[in-house]
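Before any questions on how it binds or moves, here is one chain, the form predicted on its own, in structure tokens.
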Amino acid sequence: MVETSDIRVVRCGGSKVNLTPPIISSDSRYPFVLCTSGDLVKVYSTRTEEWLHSLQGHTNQVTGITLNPANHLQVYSCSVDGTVKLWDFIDGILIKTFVIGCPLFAIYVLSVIVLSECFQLVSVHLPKSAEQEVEAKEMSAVSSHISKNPSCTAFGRGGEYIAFARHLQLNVYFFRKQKTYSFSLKATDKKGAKNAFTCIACHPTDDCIATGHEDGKIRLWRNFIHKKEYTYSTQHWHHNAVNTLCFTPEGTHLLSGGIESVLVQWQYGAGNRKEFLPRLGGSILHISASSDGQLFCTSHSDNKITVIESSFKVCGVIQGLVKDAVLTDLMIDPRSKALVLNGKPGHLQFYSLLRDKHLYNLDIVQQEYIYEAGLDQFEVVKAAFDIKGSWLATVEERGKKSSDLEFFLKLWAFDERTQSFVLNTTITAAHTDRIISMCFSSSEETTMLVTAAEDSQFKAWCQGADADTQQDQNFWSCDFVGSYHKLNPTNCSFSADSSLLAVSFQEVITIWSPDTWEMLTTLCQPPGVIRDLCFGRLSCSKYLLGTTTKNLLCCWNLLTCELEWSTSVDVSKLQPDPFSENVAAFSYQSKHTDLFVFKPSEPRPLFTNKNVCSEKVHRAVFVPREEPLNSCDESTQWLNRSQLYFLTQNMDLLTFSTATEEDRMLSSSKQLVIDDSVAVTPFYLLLGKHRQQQQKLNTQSHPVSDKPQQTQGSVTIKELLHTPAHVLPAASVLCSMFVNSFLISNTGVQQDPLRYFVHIRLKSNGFSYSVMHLLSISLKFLNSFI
């Protein structure tokens, strides 16, 4: 058993981006959206919706971000790790770290932070210091009656007072007077509506506080400076709780959102005049506005951020990995190598783990989803790909009780023209009871699907043949129906070469031949119902593995039909690696999950990792690497060909990373890489050929040891190339710096000015406008050499 610290568990792409309200940068020409994502702060472009870079430095969940009032190019972030960090979010540079010393759950302007355990609201003084890491010890308590929901706290009138609500009580604390005024509501009104507070927003210029409530009402509080003379007016549109409120910077409108997924814009001071932007996706959790009021941001329960113009037009969508209700297994699309799992209701989502980007949704149910609690609607519960990625099988169902159960089995064919899956066959009565397992054959020659259901049967489905012509058709039909002593099947699995099919019936495993549909043998299982079932791969293909509800992991030798070995371990997920002989087993015990990686031929684990996470692991998948690792260490060899991803009960997507892999990624990120796949343009043909010819001449005329020393301009150009094109200054600002880089050094060795044009063009297509502008200036400069 090998345990090493070279492999560590890391958060990968797909963390929640809707945990806290997103913020929009102050630059109206090139605005950015910043949002928290696990222990990172991600920066997106509102123009292209692309992820630009991440602010990495926290060691735990980031719980809040806010722009620095003194510098609009900087942002503060707080985390459960007990630190506040100041960033330059344009360049992704950490400027300073303030150590608070206790978990932080929200941060507001004026350095007011919500702290943990009893959720106190305190004011923290951030000292000025030249050091990068500073301890912030000066703290003063504002209130201990604070809600754990950060949306229930807001500042008003430029920081003159702070309003915070908890349950049925609204509190307003005035900093100058150092007094707190409290206002209470009854639990229900005369009509039985619930009055509990759910969110707060303060008007930027007037003494007005807007509060949202569980019954969908919005109250506007005034005259709260005088405790006995306060008044409030009520506005009502939402039929359920108001999740978030936000005033526009000018204070002319109030924005609200809730479970209806409709953004409501109320005109301030005009009664119930309002506008609507419907069908935004999941429930609206947070609303943010840019400092100039030109852009709004809404974050949704389906892990999505929507960018909206002030004219109420959607101009961008930043979609994260949806993980709220994962009913399918984690799958890898053989074609795109994307992670596939449940997405928004009734859909499968395709997500690129390499780029950390949502690719597209595939509508399986093909019905409009109604966001209403308690409605019984269709959900995708099973999905599977064939080995080539040409076919996709899905099962959708609704009805919690067997008497109300309704489900469909669908087969989807990949369309080369649209590069997506198209519905091919819908089977309305595949079984008489719920389908609990299905799998495709592993053979590339023939495609077969096997489904097992609670009606005591398993069925094999193949592409049908016309009765007259005997030619294969596109539709699918049932080829075989199997059962065993009227027992309910629990799982099914094909061998690596599809020559065997294993179907477990309660405590018995049956082995079938798909060619003749003859039951070859049965394997008597020690006490316990079979949960997971899988064959070995490559050199271990003669073994069959199974886990039981009696906490046993067993391995059979299919050549002798005998039990090879067994061990007592509570395996919550058994995941074979299709690219090697390795098998990963997650075991939950003593309030934490352990990982064991082993080969079926040897009961001794190759690798073990204690306390991988504190929750159970029910979903896992091996993802093939684009470039295999060359690790010779026994403890890391199992990660050479593929990488293991797993999903916890808290919907955290985690993976394993080696120290060598992290060092390689860090070094590659610091190097300038020119992509050869960039389109060949006339500009490239003009300068690229000249550069290649010049390089040949330089190689022949100058030995390697006589390379000229780079001028100071080369450093300038290097910084220029490392900066994203869309955040660069205007071309007029760069002209003098760019032309000065062509000057001849004191050593008398002339630099090649044309090579910079090739690098810049290859760096980004978006920079071409600046390059072409500079080209006319530079060509005049080059004429002086002729």
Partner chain sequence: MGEFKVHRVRFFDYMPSGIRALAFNQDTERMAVARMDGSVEVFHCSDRFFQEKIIPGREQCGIEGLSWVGERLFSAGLNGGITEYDLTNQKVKYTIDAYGGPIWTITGNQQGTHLAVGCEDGTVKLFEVNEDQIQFERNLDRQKSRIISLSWHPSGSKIAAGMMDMIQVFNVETGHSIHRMLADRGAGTSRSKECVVWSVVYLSDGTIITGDSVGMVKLWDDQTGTLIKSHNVTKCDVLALSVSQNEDSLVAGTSEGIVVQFQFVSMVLEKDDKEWVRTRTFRNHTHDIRAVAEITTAVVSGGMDAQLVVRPLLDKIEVRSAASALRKIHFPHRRLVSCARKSGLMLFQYPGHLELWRLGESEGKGTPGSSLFVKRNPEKLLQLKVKGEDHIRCSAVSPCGGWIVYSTASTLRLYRLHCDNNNISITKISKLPKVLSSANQLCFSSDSSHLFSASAQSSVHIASLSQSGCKFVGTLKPKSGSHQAIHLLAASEDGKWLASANSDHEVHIYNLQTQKAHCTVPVYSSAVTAMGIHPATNCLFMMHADQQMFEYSIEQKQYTDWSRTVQRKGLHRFWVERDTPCLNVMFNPQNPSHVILHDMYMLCIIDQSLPLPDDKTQFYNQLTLKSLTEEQRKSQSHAFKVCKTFKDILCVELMPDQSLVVVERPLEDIATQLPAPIKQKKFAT
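Residue numbers count along the first chain shown, from 1. The structure presented is a predicted model; accordingly, all values stated were derived computationally and were not measured.
Keep in mind that the form predicted together with the partner chain is not shown, yet the notes after this line are about it.
- Query: Does the partner chain get within 4.5 angstroms of any non-hydrogen atom of E229 in the model of the complex?
  - Reply: It does: once the partner chain is placed as it appears in the model of the complex, E229 has a heavy atom within 4.5 Å of it.
- Task: With heavy atoms only and a cut-off of 4.5 Å, decide whether R641 touches the partner chain in the model of the complex.
- Result: Residue-level check for R641: no, no contact with the partner chain.
- Partner proximity in the model of the complex: T428 to the partner chain, non-hydrogen atom cutoff 4.5 Å: No.
- Query: Closest heavy atom of W512 to the partner chain in the model of the complex, within 4.5 Å or not?
  - Reply: W512: no contact with the partner chain in the model of the complex.
- Three-residue site F174, N223 and N272 fully in contact with the partner chain in the model of the complex at 4.5 Å by heavy atom: Heavy-atom distance to the partner chain in the model of the complex: all three under 4.5 Å.
- Where does the partner chain sit in the model of the complex: which of 453-461, 138-146, 358-366, 215-223, heavy atoms within 4.5 Å? Selected stretch: 215-223.
- Please pick, from T521, T205, Q267, N611, the one residue with any non-hydrogen atom lying within 4.5 angstroms of the partner chain in the model of the complex. The option sitting close enough to the partner is T205.
- Item | Proximity to the partner chain in the model of the complex, single hit among S182, N474, S233, N551 (heavy atom within 4.5 Å) | After the contact test, the surviving option is S233.
- Can you name the residues of 478-495 that have a heavy atom within 4.5 Å of the partner chain in the model of the complex? Result: empty, none.
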